[in-house]
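Given as structure tokens, the chain that follows is alone and in the form predicted alone.
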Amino acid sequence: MSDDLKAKVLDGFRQKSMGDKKMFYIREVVRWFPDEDRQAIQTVVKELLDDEVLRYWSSGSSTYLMLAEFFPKE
């Protein structure tokens, strides 16, 4: 199930990132999948962060998740 959920979350990021918005709060990601367990989604997001598919971005006061391909170059 983890691989299926991981694919769904990754597809969700790709679909939602097609517009102007590229950064999302974890609570937004959880809301994309109302039928899934919140903890399972958080675990999958952590795995995607560990695999460097997703990255954290912080404004100093807020922390967002985004696809690594959209992460600002330093």
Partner chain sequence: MAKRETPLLDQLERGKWPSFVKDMKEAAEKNPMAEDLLGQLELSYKDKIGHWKHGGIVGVKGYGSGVIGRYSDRPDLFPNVQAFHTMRVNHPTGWFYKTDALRRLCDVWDKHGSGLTNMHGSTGDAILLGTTTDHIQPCFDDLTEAGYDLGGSGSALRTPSACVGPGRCEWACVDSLDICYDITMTYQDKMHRPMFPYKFKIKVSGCPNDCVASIARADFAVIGTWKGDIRIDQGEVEAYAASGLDIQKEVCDLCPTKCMEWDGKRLKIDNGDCTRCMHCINLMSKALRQGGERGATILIGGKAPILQGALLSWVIVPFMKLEPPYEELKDLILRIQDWWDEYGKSRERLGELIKRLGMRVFLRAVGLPAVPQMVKAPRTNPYVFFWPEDIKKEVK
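Everything quoted here is computed from the prediction, not taken from an experiment. Positions refer to the first chain, counted from 1.
We do not show the form predicted in complex with its partner chain, though everything after this point is about it.
Checklist entry - Can all three of 38, 46 and 58 be found with a heavy atom no more than 4.5 Å from its partner chain in the predicted bound form? => result Verified in the predicted bound form; spot residues all in contact, yes.
Next on the checklist: So in the predicted bound form, is its partner chain close enough to residue 52 to count as touching (4.5 Å, heavy atoms)?
Outcome noted: It does: once its partner chain is placed as it appears in the predicted bound form, residue 52 has a heavy atom within 4.5 Å of it.
Next on the checklist: Can you tell me if residue 63 lies within 4.5 angstroms of its partner chain in the predicted bound form, counting non-hydrogen atoms only?
Outcome noted: Because a heavy atom of residue 63 falls inside 4.5 Å of its partner chain in the predicted bound form, the answer is yes.
Checklist entry - Taking heavy atoms only, is residue 71 within 4.5 angstroms of its partner chain in the predicted bound form? => result Taking the distances in the predicted bound form, the answer for residue 71 is yes, it comes within 4.5 Å of its partner chain.
Item to check | Heavy atom contacts to its partner chain in the predicted bound form at 4.5 Å, residues of 10-44 in sequence order | outcome: In sequence order, 25, 26, 27, 38, 39, 42 come within 4.5 Å of the partner.
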